[in-house]
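In structure tokens, one chain follows: the form predicted alone.
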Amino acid sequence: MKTLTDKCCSKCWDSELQRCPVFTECQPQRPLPHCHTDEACIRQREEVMNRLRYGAGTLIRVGMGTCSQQAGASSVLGAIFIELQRRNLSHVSLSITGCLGNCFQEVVVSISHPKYPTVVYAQVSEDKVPYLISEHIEKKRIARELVLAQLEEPGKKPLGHVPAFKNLDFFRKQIRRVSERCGHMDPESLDDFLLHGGFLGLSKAIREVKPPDMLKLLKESKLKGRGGSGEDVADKWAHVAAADGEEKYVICNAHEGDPASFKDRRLLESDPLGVIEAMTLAGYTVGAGKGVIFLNPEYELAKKRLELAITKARAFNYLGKEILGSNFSFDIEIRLSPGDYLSGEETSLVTFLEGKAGVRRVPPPLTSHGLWNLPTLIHNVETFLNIPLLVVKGVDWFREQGTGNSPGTRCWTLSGCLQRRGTVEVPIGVSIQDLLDMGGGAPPGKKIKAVHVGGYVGGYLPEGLFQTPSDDASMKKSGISSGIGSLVALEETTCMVHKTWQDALFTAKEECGQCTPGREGSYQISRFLEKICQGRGVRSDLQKLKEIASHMREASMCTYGRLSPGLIASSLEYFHAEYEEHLQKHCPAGVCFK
């Protein structure tokens, strides 16, 4: 037995021809008591698990997400390998992991040992590697120049003078659920995924939970979509499950076209097998046999790891025909999006997969007339990843966090005028100020004037509204959408009129042009804003902008056209004084009229 997926002994009867129904539960726990209690099997399993956790004695993990690699993680990984060889440290193993979310501290390296808590080092560069190996591995002491924190691990005495990971300012208010495995697991290892609870949700559902009961579970959870629209997940799944169709589809919208958001990219790169499990669970529940991951073409690392994950899932019967010995079959393919922003809109996504262009008028809904006019379920990455957790942990656990009407957690990308940029996972409903605090606030000498929430389908909030809760209902009351979950802090020197104009130019460029409200409305908004920024604006222009935004919200064909006016509406409402100044040919920020 060299891996968790190997048979422990001849008493194990699982095979490709006949699957054991508790195959998944057995791997990290084997042998299960009702099978047999051979001590040799227990020892073998413990040896495999120890190798996964500690390698040949000590395990070094290097964070290898996109942000890590941009910071030099590949060079750090190579330097550690060479240093281990040069010093003949054969008892030290080297592996990779995903992103912890603290992108501002890359490159992140962790070192695990059976007797001591895992120590996490940050801002490790290639030239610091010899120092790190010498101090931590050879001299067995903390490399204080680089140390970030220690992980809390059962049975291990905490190290003195090393802060706890959970107490760091960036992580203190986080509740890591869908991102729990990110940065703590090798995303390319099926064994590591199984060790961290992977595929338990799928196995339990197939063995114990019938599709109608899955729908009931979703209904009780009150899970909302994490893609910006805040739709009720249970209702959406129920419509697909009840729809007639010779075939049904499950689509993971991994387009994430907003340049201010990369939290879905992090989840894809750090937990690709989790996405596979979640989509397969969805297929099981709604009666779909085919899945599609609609992937941003720039996400090359995510594509590589998803392809590997699909291959491994098929090899061990988590994808394909008669999954885990059941009569349920499901498979997944990856399709690259064209890369433009609007492709992430659900009807545009379906249209592109059919080889066409543009958006589709709704109704009829995609849940009954989606891809190839067949019932189709579409969610983003984060929404799907909640499903296996809900099956394993239950409704009560799920609803411990969040608000009464919107339970659970939400991932956010924090960027802009902040000291700590990255991705976080927090209970739904924390305030905008809480998110800013996690981001460390403004750098010294600067001040945050406003926040841009939700990207190009979101809007702007001034400092006076930073206590606004971040749930969809509260955002809607403020006149904006939380979108995919991005927050950009805007510094005091930002001209909100010019900022709105630049964002409006983007939304106008991305409009498909199929409906008059969207096409003409977005063009006219950018045109009026240009006029104001160039000192040619008149007071009636402000009223016209409000009327155009209102008309777009009511009459646009697609979600994008209905939500994008939130930019100009929130800008006019909360920063009206700046527009008045511009009408007098004065820009308080000194950006316009140069």
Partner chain sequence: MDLISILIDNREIQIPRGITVLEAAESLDIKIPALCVSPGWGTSGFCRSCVVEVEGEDYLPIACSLPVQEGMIIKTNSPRVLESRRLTVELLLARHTMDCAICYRNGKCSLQDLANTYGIKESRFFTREKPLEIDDKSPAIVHNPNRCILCGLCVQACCDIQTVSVIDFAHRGFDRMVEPAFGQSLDEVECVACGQCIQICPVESFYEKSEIDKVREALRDPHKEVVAFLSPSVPISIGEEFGTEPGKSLSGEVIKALKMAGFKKVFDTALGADLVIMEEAYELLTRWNSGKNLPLITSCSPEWVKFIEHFYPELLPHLCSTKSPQQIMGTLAKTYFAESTEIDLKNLFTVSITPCTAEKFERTRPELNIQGFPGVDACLTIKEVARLIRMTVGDSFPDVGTEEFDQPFEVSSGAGVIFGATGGVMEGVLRTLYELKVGKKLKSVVFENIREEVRTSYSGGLREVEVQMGNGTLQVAVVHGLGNARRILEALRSGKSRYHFIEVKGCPNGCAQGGGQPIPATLEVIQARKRGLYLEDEKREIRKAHENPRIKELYEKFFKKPASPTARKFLHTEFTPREHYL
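Numbering follows the first chain given and starts at 1. Quantities reported herein were computed from a predicted structural model and do not represent experimental measurements.
There is another form of the same protein, the form predicted in complex with its partner chain; it is not shown, and what comes next is about it.
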Check your understanding: If you check in the predicted bound form, do His91, Pro114 and Lys140 all have a non-hydrogen atom within 4.5 Å of its partner chain?
Key -> no
Contact test in the predicted bound form: Arg562 vs its partner chain, heavy atoms, 4.5 Å: yes
Contact test in the predicted bound form: His551 vs its partner chain, heavy atoms, 4.5 Å
yes
Exercise. Quick one: does Thr66 come within 4.5 Å of its partner chain in the predicted bound form, counting heavy atoms only?
Worked result: no
**Request:** Could you confirm whether Gln514 comes within 4.5 Å of its partner chain in the predicted bound form, counting heavy atoms only?
**Result:** yes
Of Lys509, Arg172, Lys157, Lys447, the only residue with a heavy atom within 4.5 Å of its partner chain in the predicted bound form is Lys509
Among Met557, Ala569, Val48, Ile60, just one has a heavy atom within 4.5 Å of its partner chain in the predicted bound form, namely Met557
In contact with its partner chain in the predicted bound form (heavy atoms, 4.5 Å), from 66-74, 52-60, 542-550, 22-30, is stretch 542-550
Near its partner chain in the predicted bound form, with a heavy atom at 4.5 Å or closer, the residues from 466-504 are Lys476
